[in-house]
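Take a look at this one chain, the form predicted on its own, written out in structure tokens.
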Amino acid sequence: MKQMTIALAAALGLAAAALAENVKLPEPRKTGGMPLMEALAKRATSRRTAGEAPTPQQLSDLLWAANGVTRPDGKRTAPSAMDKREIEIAVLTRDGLFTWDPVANELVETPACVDLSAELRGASALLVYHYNKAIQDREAALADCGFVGQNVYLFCASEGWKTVFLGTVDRVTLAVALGRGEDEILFAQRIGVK
């Protein structure tokens, strides 16, 4: 019954996604910021991630730092095993749930068929890391996800924001909301914008 409910919700989510509109983000700022060694020294975990809603520019900069495209050949800010680029990022804000297209630098609205407010917990944003298991195995994806999470930690340190990497998330609810398999949801990371 649980599998049938998840499959039905996923199908409804996919149908709603077809009607969703893309939100083109501004070009990410790729200069400035804190020197790397200083960002490493200031990198910290904080569970107090309540904060202002991120602006489109802040989301663009954050997502590009996480796993953005850096070169014409599609290489990213985070490495991936055999250059599979399987890590995908969903973004939950007070405005809704989105999936991020790193090539187009667009947010694609993903109408949530479940209440995700408990996952956001007042944070500025929640990044949900999932992977495409058709192109990569789970073990490699877990390692690749760690690279993305560290990029986010360093970006947040540079910006003076708060962040926490979450190993425990409601994978069933997130899988239903994203139309993915429960095993495809890897981790999440809450962000607090100052």
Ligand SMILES: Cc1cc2nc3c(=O)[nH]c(=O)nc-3n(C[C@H](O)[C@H](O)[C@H](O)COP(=O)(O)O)c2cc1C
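Quick note: we count residues from 1 along the sequence shown, nothing fancier. Keep in mind that what you see is a predicted model, and the values were worked out from it rather than measured.
Beyond the structure shown, there is the form predicted together with this ligand, which is absent from this document and is the topic of what follows.
Discussion item. Residue-level question: is residue 147 within 4.5 Å of this ligand in the predicted complex, judged on heavy atoms?
Written reply: Heavy-atom contact with this ligand at 4.5 Å: absent for residue 147.
Worksheet item: At the 4.5 Å heavy atom threshold, is residue 44 in contact with this ligand in the predicted complex?
Response: Residue 44 belongs to the contact set for this ligand.
Worksheet item: Counting only non-hydrogen atoms and a 4.5 angstroms cut-off, does residue 155 reach this ligand in the predicted complex?
Response: Heavy-atom contact with this ligand at 4.5 Å: absent for residue 155.
Practice prompt. Please check if residue 31 has a heavy atom lying within 4.5 Å of any heavy atom of this ligand in the predicted complex.
Written response: No, residue 31 is distant from the partner.
Worksheet item: Which one, 58-66, 123-131, 44-52, 23-31, holds residues whose non-hydrogen atoms are within 4.5 Å of this ligand in the predicted complex?
Response: Among the candidates, contact is made by 44-52.
Discussion item. Going through 54-71, which residues have a heavy atom within 4.5 Å of this ligand in the predicted complex? Please give them in sequence order.
Written reply: The stretch does not touch the partner at all.
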